[in-house]
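Just the one chain here, laid out as structure tokens, in the form predicted alone.
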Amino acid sequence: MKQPAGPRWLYYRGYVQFFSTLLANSYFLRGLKGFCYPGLNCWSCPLANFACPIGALQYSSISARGNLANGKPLWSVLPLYVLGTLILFAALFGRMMCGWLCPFGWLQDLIGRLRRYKYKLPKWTGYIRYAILIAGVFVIPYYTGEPWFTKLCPQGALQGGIFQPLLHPELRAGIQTMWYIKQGILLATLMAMVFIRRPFCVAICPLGAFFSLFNRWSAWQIKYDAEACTDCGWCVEHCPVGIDPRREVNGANCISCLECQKCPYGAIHSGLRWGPESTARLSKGVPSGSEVPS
């Protein structure tokens, strides 16, 4: 088999993930805490610079109930800034933030290198994250007044739940049962990362669920060239989430990491959806995100 190819910049994804995590947690930009970071990064981390969009959406849901009860119109309680920020990134890049910028995604990639067996979750588990997005981020916080996803989030358990008590000993006396439950969820998630390809991204992450809604229509698209493909399976073997890029490019489970673009036969490319490559590809009758014969 030929050696992996593709543009040189594809091979710097790990460095981009590292510097993205550093940017989100460098402490020196803490004055920007009001801005949402387009990745799952806990704002309770002592070094966090930006707000967590999922946390912001939950607190918007909590405050919305009281504001509506006080007679405020619906439009005034919508989290327009947070939703607008997420929609902007998603419309431009789809789920590329999951594959290139998300700190928790990078952690899954790093731990995934330890695995001896490469399992992938059944496709139906991908619907769980949509239920979590709707119920855990919007509905349950609205009716209970509590940010329940934040209370159980493994990224929050790692960045906030561990480092806050370590750096602030006075907080240790307040540790209760929920803290241990949250750490147990973190431990289970970390163990799953060893054996399953990006389990949190595939089945749990509500932020990834939101971005995936725009994956097929985002400005940046992945393009599959069926004529160049030899069905060698290289892209399937190297996909971090275990999808078949020949059938699922730009699909809901694709994190747009572009690892498949290193295809030894140059069968997968990416670029602006209205670029020349898109035009050439569509002329072959292979629309973006379509299936190919088995």
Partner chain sequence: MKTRWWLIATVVAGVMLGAGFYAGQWDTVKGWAQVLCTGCIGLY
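Residue numbers count along the first chain shown, from 1. These numbers were taken from a predicted model, which means no experiment stands behind them.
As for the form predicted in complex with its partner chain, it is not shown, yet the points below apply to it.
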Taking its partner chain in the predicted complex, would Gly34, Ser44 and Ser63 all count as contacting it (heavy atom within 4.5 Å)? yes
Its partner chain in the predicted complex has a heavy atom of only one listed residue within 4.5 Å, and of Leu167, Leu80, Leu110, Val139 that residue is Leu80
As a check of understanding, the residue in Met97, Ala157, Leu133, Met193 with any heavy atom within 4.5 Å of its partner chain in the predicted complex should be identified as Ala157
Counting only non-hydrogen atoms, the one stretch of 125-133, 147-155, 193-201, 97-105 within 4.5 angstroms of its partner chain in the predicted complex is 147-155
Next on the checklist: Can you tell me if Lys223 lies within 4.5 angstroms of its partner chain in the predicted complex, counting non-hydrogen atoms only?
Outcome noted: no
At the 4.5 Å heavy atom threshold, is Pro206 in contact with its partner chain in the predicted complex? no
Margin query: Taking its partner chain as it sits in the predicted complex, is Thr189 in contact with it (heavy atom to heavy atom, 4.5 Å or less)?
Written below: no
Is Leu114 close enough to its partner chain in the predicted complex to count, meaning some heavy atom within 4.5 Å? no
Those residues of 70-103 with a non-hydrogen atom no more than 4.5 Å from its partner chain in the predicted complex are Ser76, Leu78, Pro79, Leu80, Tyr81, Val82, Leu83, Gly84, Thr85, Ile87, Leu88, Ala91, Leu92
